[in-house]
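Just one chain follows, in the form predicted alone, and it is written as structure tokens.
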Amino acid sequence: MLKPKTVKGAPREYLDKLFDIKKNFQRFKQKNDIFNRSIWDDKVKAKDLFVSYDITNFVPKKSKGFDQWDYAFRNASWHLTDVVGDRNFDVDGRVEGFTDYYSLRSGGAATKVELSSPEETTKRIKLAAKIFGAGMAGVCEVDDRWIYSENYNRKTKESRSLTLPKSYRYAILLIVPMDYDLSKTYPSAVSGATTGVGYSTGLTCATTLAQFITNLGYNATASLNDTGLNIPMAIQAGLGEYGRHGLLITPKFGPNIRIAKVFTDLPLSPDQPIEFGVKKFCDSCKLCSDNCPVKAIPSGAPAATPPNFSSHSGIKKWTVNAEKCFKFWVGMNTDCAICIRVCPYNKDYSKWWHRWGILFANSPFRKILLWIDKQWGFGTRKAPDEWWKEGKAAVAEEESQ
């Protein structure tokens, strides 16, 4: 079983060294996120991508994985996230979970619960997080560098400065695993359902955990992609490492995850970053880069200069060209995630042989894992209609028992 190495020292300093963060580093402006740019930047055109998430506007394709069954399934997986996220949009332009944190919570206790220690409190919070739907949970101190400098309002197309309350010293990062079998069908409308379910589960987990903390007499705010950058915070919280494809790779679920978070003033015990060989593996493996249809993923070494202003400057890392990536999404009329499908870390780790396989990735014999992946066809796209057939057969088998 893989046991990641815990990195000693201050997490902030670890990220400084890991990403060679420069003095000119600045907090990211949310309006420059590629999805927000599609609202105000004529260079980035969303066309029918967003409207297709309303089933009345979908346009079926001849290729498998894009018929009404598939779009209906995908769009249903997003229903909860869309309804909750857009409930205040007509009033104030908030898109909760994507441009603004969640305001969905009830009043808490009038008195604060008695705490024995931050360590004991953290164990209880992680237990609750897993019951509420998280596959992994970690804690970091809030690092202002990863908090957006401003919020973007998609209704007014204006930005406003963003500052978290100083009392919010901690962030609880929540890893939500996505469906492995569906990930094999990337890219397709049907595979988009695993993304939607991931976000819906993240919404439920984060808002429920925030309410739990509120019930304890402390303050907490639930968040998905809004407010701050999830990946660097998750690295600080000891939940995974950064991959060539710009995604967090976790030791339990690989990159096939979504991330949610809760900001709080509840006294907690922060986790330490971990390492399990991802950097060295990604140095030699270029499957995500080689298989990206639009070559949006870099094939070379980490670089300090981003491909465009939809990414940070002043930080040295592998950076996906968001403009190329988004353009392909628009052409597909759904999210892509080929990079997740072909990643050797994208495995079903409930199987012991895959848990052993990841040991090869964290050793000088990592090329053996790449060879095995190629020979056994890991990362090969499964036809979406095959996913439907296999699923129906599994249901029939269960019903016959």
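Being a predicted model, the structure only gives us computed values, none of them experimental. Residue numbers here begin at 1 and follow the sequence given.
Absent from the display: the form predicted together with another copy of the chain. The rest refers to it.
Among Gly217, Pro293, Gly331, Gly314, the residue placing a heavy atom within 4.5 Å of another copy of the chain in the model of the complex is Gly217. Note on contacts: among Leu182, Leu247, Val142, Leu229, the single residue with a heavy atom within 4.5 Å of another copy of the chain in the model of the complex is Leu182. The closest non-hydrogen atom of Phe378 lies beyond 4.5 Å of another copy of the chain in the model of the complex.
When another copy of the chain is considered in the model of the complex, Thr111 lines it closely, a heavy atom lying within 4.5 Å. Contact check for Ser106: a non-hydrogen atom falls within 4.5 Å of another copy of the chain in the model of the complex. Contact annotation: Glu120 falls within 4.5 Å of another copy of the chain in the model of the complex, judged by heavy atom distances.
Only one segment in the set 315-323, 156-164, 302-310, 70-78 has residues whose heavy atoms sit within 4.5 Å of another copy of the chain in the model of the complex; it is 70-78. Using a 4.5 angstroms heavy atom cutoff to another copy of the chain in the model of the complex, all of Asp86, Arg124 and Thr208 count as contacting. Contacts between 233-257 and another copy of the chain, taken as any heavy atom within 4.5 Å in the model of the complex, involve only Lys252.
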